[in-house]
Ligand SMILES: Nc1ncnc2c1ncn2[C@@H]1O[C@H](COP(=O)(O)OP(=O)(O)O)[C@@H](O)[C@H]1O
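Just the one chain here, the form predicted alone, laid out as structure tokens.
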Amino acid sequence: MDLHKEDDRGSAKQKKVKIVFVIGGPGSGKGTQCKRIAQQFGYTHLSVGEILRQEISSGSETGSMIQKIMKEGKLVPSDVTVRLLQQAMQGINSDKFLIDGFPRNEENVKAFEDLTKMEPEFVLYLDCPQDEMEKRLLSRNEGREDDNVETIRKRFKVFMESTLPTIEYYESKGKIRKVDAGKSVDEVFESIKVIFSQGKDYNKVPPSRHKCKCLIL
């Protein structure tokens, strides 16, 4: 990724950027927790879902395509998602990014690594039971047209089929930091604070002891 700054002699110098991905099923609390993390630990919070919705609102041809895909509960093509995410990161003068809702699948991972030549410092996984996520989505009443039972359940299915393999991928690299997101907002954040305070030394045990629990759909 072309994230750089000028040194005293005016030549381009690569800027070291720290990235943390935050993933979890729909309604697992990613947005809520990311706002708290950003405030307490000085990260720039980028929500991939919000970036995609902004593109829809722009009325562009890409936005119309994204809207159609999201209505069907499917995933937006990786090249589109990464390009929009890359544009957002390049437009902000920051060296610490908290990326919410990404990657959604293994193709996202490959596209991000190929285009940016970067990897996350670690991946925060908000592990939440499906019935709790469904209850949260149906009660939040934000006026989002994809917050209906049929679409929500499609999104759960997509999450299980597409995102869990990416969790296993990062787990094999020792980068997954999992918290129980079924608890209260404050309790979840207390667990998250431990992770961000201790950084990559947190919970450093062999990947086999970090097995993710698949959602039962």
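Residue indices: 1-based, along the sequence shown. Computed from a prediction, not measured in an experiment: that's the story for all the values here.
Not pictured, yet referred to below: the form predicted together with the named molecule.
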property	result
Binding-site state, shown form vs the named molecule in the predicted bound form, superposed, 3 or more atoms under 2.4 Å of backbone or C-beta	open
Non-hydrogen atom contact Glu113 with the named molecule in the predicted bound form at 4.5 angstroms	no
Contact flag, Val188 vs the named molecule in the predicted bound form, heavy atom cut 4.5 Å	yes
In the predicted bound form, Lys183 touching the named molecule (heavy atom, 4.5 Å)	yes
Partner proximity in the predicted bound form: Pro165 to the named molecule, non-hydrogen atom cutoff 4.5 Å	no
Interface stretch in the predicted bound form with the named molecule - options 57-65, 169-177, 36-44, 23-31, non-hydrogen atom within 4.5 Å	23-31
Glu132, Glu106, Glu121, Asp79 - the one with a heavy atom within 4.5 Å of the named molecule in the predicted bound form	Glu132
